[in-house]
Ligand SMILES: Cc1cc2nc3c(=O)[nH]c(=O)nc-3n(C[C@H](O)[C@H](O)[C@H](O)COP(=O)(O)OP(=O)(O)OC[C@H]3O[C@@H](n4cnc5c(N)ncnc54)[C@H](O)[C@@H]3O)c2cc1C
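Let's start with one chain on its own, the form predicted alone, as structure tokens.
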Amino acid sequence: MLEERIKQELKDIVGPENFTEARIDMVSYAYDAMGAKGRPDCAVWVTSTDQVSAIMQLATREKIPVTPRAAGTGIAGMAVPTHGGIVMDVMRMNRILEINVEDRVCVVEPGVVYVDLQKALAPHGFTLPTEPGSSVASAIGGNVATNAGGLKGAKYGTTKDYVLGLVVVLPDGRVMKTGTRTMKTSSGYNLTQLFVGSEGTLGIITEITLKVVPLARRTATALGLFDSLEDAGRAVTRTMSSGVVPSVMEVMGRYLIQAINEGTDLQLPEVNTMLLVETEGYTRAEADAQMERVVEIFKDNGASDVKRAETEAERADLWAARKSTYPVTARLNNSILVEDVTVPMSKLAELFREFEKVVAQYDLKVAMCAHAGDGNFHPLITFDSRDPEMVERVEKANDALFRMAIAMGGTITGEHGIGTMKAKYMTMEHGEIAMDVMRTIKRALDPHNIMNPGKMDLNG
């Protein structure tokens, strides 16, 4: 419990209206979107870099843990206060400070919601193309802290590819500016990228300079149907090495297709595997030419049918199927675990097939999908969290998934981050020397371990 004098100092910094220790708020801040738990002692809503700096000076002096939090849409536990202390909510720092299309940059505060930034950029003909699955709710600060990816990673990459500069408050309260607003720089260590994906363990991001890109003027969308997972995997590999780079290449497995049909009125063909693909161009002819090549590859690699979206309504139906993944799967039991590993694209079909064996071994219900264009696999494991034996089977299946991904030259997370959920697997992916270097950086910037402690296995 925090002493009253500390609570009063916090109120003096942010104002009493921006401080809370109410039980209902503490419960709300005790978990993220996947249910990891850890209750704070209090929370503050910050509105400026100066406030963040003053709070971090106080926290350093008193050795109080601080957990930064944006929208709380993460599913790996990185925004959960496992060591109590202060939750610092940045969602009231939600201004879009600048949009400059001549320089192709925008500057935002961390609490700006992704979809709101997209709405502001659209009239200028520009976009931040990362598009995480939680885009209607997730905040840019959280996207940066986790290096979030999304549906268009095949062509556009992840958040790190668009962060040009940051303002960061260090654990001792010092305010540091990193990077530039130029498209390139070779000046000094790349401190900007050190903080992208750091999950709030090194400092608190209070301002973000982002590169933006022109909106695609035309798109073409299609759905490939495959009776064989291997054929679908081969179609993905051949497409991505053909010279065509789709903006979207999404895989949906048979159990997921069944769940979508049970939970919606879309009535998808119940095949083994579906591939949702989208191409973009400056003109309709450019987008269509790319799609024609993709359709040709699909058919050459065993597609039983390829359905082209001829109207915007048909395109919306195809996207509705993919975007219904989480809600339809979540209805199948009282709990769901959404996993996230990435392997080289040529290994994705093998990972699907090998994990299906694990699913059968542990008698689980798993809806499988993937961002196939960048090898990012997302099994959605449904289970009854009240059944200890079933929970144990889920944990064993999850462990097998991580080990398979690493054995195939992959990673335990492509976009969701490490947090608490995957911390114990860090040493599986990263060698002893790499972990030592990470921990050395953590100790150098945060010697008292007050900055989001308990995450990413950085305590050593």
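Note that this is a predicted model, so its numbers are computed, not measured. From 1 onward, residues are counted along the sequence shown.
Just so you know, the form predicted in complex with the named molecule exists too; it's not on screen, but the next bit is about it.
- Heavy atoms of every residue among 141, 203 and 326 are located within 4.5 Å of the named molecule in the predicted bound form.
- From the list 288-296, 243-251, 310-318, 130-138, the contact stretch for the named molecule in the predicted bound form under a 4.5 Å heavy atom rule is 130-138.
- Screening 428, 54, 26, 33 for any heavy atom within 4.5 Å of the named molecule in the predicted bound form leaves a single hit, 33.
- Just one of 163, 220, 75, 368 comes within 4.5 Å of the named molecule in the predicted bound form, counting any heavy atom, and that one is 75.
- Contact check for residue 260: no non-hydrogen atom falls within 4.5 Å of the named molecule in the predicted bound form.
- Under a 4.5 angstroms non-hydrogen atom cutoff, the named molecule in the predicted bound form lacks residue 374 among its neighbouring residues.
- Among heavy atoms of residue 90, some come within 4.5 Å of the named molecule in the predicted bound form.
- A residue is said to contact a partner when one of its heavy atoms sits within 4.5 Å of a partner heavy atom; residue 71 meets this definition for the named molecule in the predicted bound form.
- For the stretch 384-421, the set of residues having any non-hydrogen atom within 4.5 angstroms of the named molecule in the predicted bound form comprises 415, 416, in sequence order.
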